[in-house]
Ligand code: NAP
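Starting off, we have a lone chain in the form predicted alone, written out as structure tokens.
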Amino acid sequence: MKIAWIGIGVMGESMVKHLINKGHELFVYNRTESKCDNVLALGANKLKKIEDAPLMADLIFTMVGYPKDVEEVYLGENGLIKNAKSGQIFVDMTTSSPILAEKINKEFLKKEAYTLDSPVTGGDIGAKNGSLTVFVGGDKSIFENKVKNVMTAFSRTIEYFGPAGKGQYAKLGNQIAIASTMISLAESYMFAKETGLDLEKFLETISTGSAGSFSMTSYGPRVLKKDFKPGFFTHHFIKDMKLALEECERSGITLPGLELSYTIYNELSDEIKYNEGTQSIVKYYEK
């Protein structure tokens, strides 16, 4: 199948590689062109402009940074909507605004094209291992008959949650859960450190019991090695938490755990936020 992919980042590169390995023909675009080099070397084709994607493929994936980027890629003057055609399918895997997902879906339906909001979780490890979890919103028939099988190239769990926007709501709920587990990792690590425990033995042991979590298993070893390279950028996580808090405000929901995590992450330096992964939360406690 001919597939276009907009956005080659920490996770996107691995996801594209999986699709190439499954025999799909890929057309790729990224603002920083050099980030496409590795997938181009595997046989992907380079897109010169975003609006060219619908001219080359009928299934187009996007995975960019912020809701403003999503809106520009889809609805901008030179966005995907410019050349979208009847029957084409556009899948946004960015964690973005549910309201924006509904807006994009409405606009593309005017061209008889389909959109799915399908953010993922699992970080760089899940992307490399092809074991991501995908939350899907949009037309159920289109998802099940046209897209789900393609997603299995890079995903272990793929779940449909309802019409446009519901995939984003589900992903924000996921990020709310992670917000608290990152605090638990940082605080248990600091307690063990300050009380003189063997840190490696401690984290390995609690990861096997009721304190275990993806955060503990995946990021605990990185913290021990002082490895703060991003499996998921801190500034992107802050963006996700902000989106969740905005939805809470709209719905009259109060979530103090989420609010605390958002506050802690925002107190990290800009250098940390924009260059390091979410495990850098431990640096807040080491001040």
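All residue numbers are counted from 1 along the displayed sequence. Because the structure is a prediction, the values reported are computed rather than measured.
Unshown form predicted together with the named molecule; subsequent notes refer to it.
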Non-hydrogen atom within 4.5 Å of the named molecule in the predicted complex for each of 31, 35 and 124: yes
Segment assignment from 98-106, 196-204, 140-148, 68-76: heavy atom within 4.5 Å of the named molecule in the predicted complex: 68-76
In the predicted complex, residue 232 touching the named molecule (heavy atom, 4.5 Å): yes
Exercise: residue 51 in contact with the named molecule in the predicted complex, heavy atom 4.5 Å: no
Proximity of residue 120 to the named molecule in the predicted complex, heavy atoms at 4.5 Å: yes
Contact of residue 64 with the named molecule in the predicted complex (heavy atom, 4.5 Å): yes
Those residues of 243-264 which, in the predicted complex, come within 4.5 Å of the named molecule by heavy atom: none
